[in-house]
Structure formats: structure tokens, C-alpha cells
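Given next, in C-alpha cells, is a single chain: the form predicted on its own.
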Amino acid sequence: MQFTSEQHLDDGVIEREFTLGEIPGILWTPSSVSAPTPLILISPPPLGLRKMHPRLAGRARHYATKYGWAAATIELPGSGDRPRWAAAEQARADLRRAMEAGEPVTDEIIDALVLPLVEKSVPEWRTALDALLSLPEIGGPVAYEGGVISIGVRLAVVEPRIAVAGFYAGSFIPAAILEEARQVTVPLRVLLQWDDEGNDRQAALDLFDAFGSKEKSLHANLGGHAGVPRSEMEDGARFFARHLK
């Protein structure tokens, strides 16, 4: 891990950009840490860290200032400043074409869109986690939140260091991921916008039903994709706090 910039923000949070090979990322930590702190992995949507920075930083700074936790994110493959990924761009084009034509989004389109992203992203998140937990100010436990829900499902299955997860429904779900969800056992909180324009609500409900976690809760709010109530961030933080002791 190589840090490339450092900013001391006015709320007592340090924001550092880093690279792991070709993978860019951002780490937020409280400026004063008396003991190694828990870590929140904030997974972004595939829209680029620069575009998503205000939203990601807002959540990370809330965790740092109110709870004393570190938070980190990394750029997804093919997003932001990372090299273009022809297969992913073709899959997105096929999705747009089907939706604009009013045609069904087939399993083949969903698999091509999501599964390669999961295969590439999860090993990168595990590499980032190795590097982050080697820092003296970070000691775990580790929570995961947000992002493409299929990435979160796979990571929760294969990564034993994830102690708790908060998923955001609203992306397409391959059948293979639905099956993997049965192996997820960590405490789980799922956020669903009931009227999400691009979300198959029933698919999201089926995924929630499939999760094998003994502790899982579904938080559904009226409104579209961008209408998540501000109160959900603090509700989610309190959920993490119960499991990050």
C-alpha cells in the first residue's frame, strides 16, 4: 500500500488516498486514535470514486467522528481512473439496449454484467483488507457496507474477517449469487428502496429470504433509488456498533 496524498479535514478526520498496484483507494481515520480501531469497508457503485466521493466521504467521516472507526474504499475494476474494461462496457451496453427497448433483462445479460465484476472485485477487496489491517491504527473487527450487492454476498461468504454487513439492494442478481446467499451467516442489514426505478423488487426480496444469517433485517423505504432517508445512515451505524465491540 502506497499513500499518495493526505488531508487533515476540519472535523478531525484524516483522508488519505492510496494505491495497491493499479487499484486506487481512500482511507479515512480519526486524527486521534488511542487503540487500534474497527474498520468499515465502504464499497462504491461502479460510477467512479471521484464522482461518488462526497457520498462516500460523508459516511466515512460520520463513522470516524461519532464512533472513532476507520473507513476505506477502493475503485472497482473498469471504473473511475482504472483501465477501461471492454467486456464490462459491452455488458452495460446490452443492458441499456434491452431496457430502452422494453425487453426483458435476460439471465445471460445479468450474468455477463455482474459475475465478472464479482470475480475481479472480491480478490481485490481481500488484498486491500490485508493491507489495511497491517496498519497500526486499524485492528478490526471489520464491517462491509454498500456497493454492488453481489460483491458483498461473495465477500461475506469467502472472507472470515467480515464480522457484520450492511447491503444495499438495487442491482441485478445472478442466480449463482442467489445460491451463494444461503452461505452468508454474518449479522446482516439490507436497505431497500421500495420504488427503485432500476431494481427488481421481488428479486431483492428473494435474495433477502435466501440469506442464511440468523440475524437479518430488511429496511424498506418508499421512494426511488436516490431517496434513501438520511436517518438510515445513523440506524446502520448503530447496527454496526452492536457488532464491532
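Since this is a predicted model, take the numbers as computed values, not measurements. Residue numbers run from 1 along the displayed sequence.
If you look for the form predicted together with a further copy of the same chain, you will not find it shown, but the lines that follow are about it.
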| property | result |
| --- | --- |
| In the model of the complex, residue 47 touching a further copy of the same chain (heavy atom, 4.5 Å) | no |
| 4.5 Å heavy atom contact, residue 61 to a further copy of the same chain in the model of the complex | no |
| Interface membership of residue 17, a further copy of the same chain in the model of the complex, 4.5 Å heavy atom rule | no |
| is_contact(residue 217, a further copy of the same chain) in the model of the complex, heavy atom dist at most 4.5 Å | yes |
| Stretch in contact, per heavy atom within 4.5 angstroms of a further copy of the same chain in the model of the complex, of 199-207, 172-180, 25-33, 52-60 | 199-207 |
| a further copy of the same chain in the model of the complex: contacted by all of 213, 222 and 232, heavy atom 4.5 Å | yes |
